[in-house]
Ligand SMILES: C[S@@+](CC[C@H](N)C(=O)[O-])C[C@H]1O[C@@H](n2cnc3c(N)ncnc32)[C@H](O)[C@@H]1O
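Single chain ahead, written as structure tokens, the form predicted on its own.
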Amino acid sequence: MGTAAAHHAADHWEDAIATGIDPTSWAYAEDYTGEDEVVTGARASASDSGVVPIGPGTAAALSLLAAGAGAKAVVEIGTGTGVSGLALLRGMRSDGTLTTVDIDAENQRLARKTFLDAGVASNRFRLIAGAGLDVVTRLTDGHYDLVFCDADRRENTAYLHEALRLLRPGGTVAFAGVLTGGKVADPAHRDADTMALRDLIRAVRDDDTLVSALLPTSEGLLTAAKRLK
């Protein structure tokens, strides 16, 4: 790249950093993959139940992460009504199994319907009702390809600790909703949830055993892969 071109590229990136992604482009990226009637039905159930599901961009990213890992065993903390679980299942191997945990048994009933409506065989998922930390501490070390967390934000650092135990080398952990509409990036916000998310982001970034990225999809997706030794 010539000097003039290099300066032009630098100016372009400085402008992009200063202004952020164009809202129209962001919306286009969010809707890139589209969603079928099963997912829109799961979103409607979430709205009726007071559950906030992941956005379409995060769902697409989860499918990609699962597919890229060739994931056969995945843990999800925070089932909701099945929006994220279905995204994971659609990216996983056809013989893969999703273990999904939620404290609300009614959420899991709705998620089961979502999975079955999508044609997912019942032996490809197991729904465990219970508190996330109570359940995941009983799961097998080093057995999982991907761990996805979308539950109590104040427990995320503890979920990270458990995820690193559960994941095989090269496995991936992901956390949804980490940007919270700009609150995390704004130091004026110091509520408990926001402070917990900052602690999580810092812990992931500073862990030398991880390769991480903070993706601005939907409300933010923090991803990290365990380095291969």
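Just so we're clear, the structure is a prediction, and the values are computed from it rather than from any experiment. Just count from 1 along the sequence shown to find any residue number.
One more form of this protein, predicted together with the ligand, exists but is not displayed; see below.
Item checked: Heavy atom contact within 4.5 Å of the ligand in the model of the complex, the stretch among 67 to 75, 136 to 144, 99 to 107, 118 to 126 -> Correct option: 99 to 107.
Next item on the list: Would you please decide whether Val173 lies within 4.5 angstroms of the ligand in the model of the complex, comparing each non-hydrogen atom pair?
Entry: Looking in the model of the complex, residue contacts with the ligand do not include Val173, since no heavy atom lies within 4.5 Å.
Check: Within a 4.5 Å heavy atom cut-off, is Ala151 in contact with the ligand in the model of the complex?
Finding: The answer is yes: Ala151 has a heavy atom within 4.5 Å of the ligand.
Notebook entry, point to check: Hey, in the model of the complex, is Val52 touching the ligand, heavy atoms inside 4.5 Å?
Noted result: So Val52 counts as contacting the ligand.
Check: Taking heavy atoms only, is Gly91 within 4.5 angstroms of the ligand in the model of the complex?
Finding: Result no; Gly91 lies far from the ligand in the model of the complex.
Checklist line | Sequence-ordered residues of 116 to 130 touching the ligand in the model of the complex, heavy atom within 4.5 Å | finding: Result: Gly130 alone.
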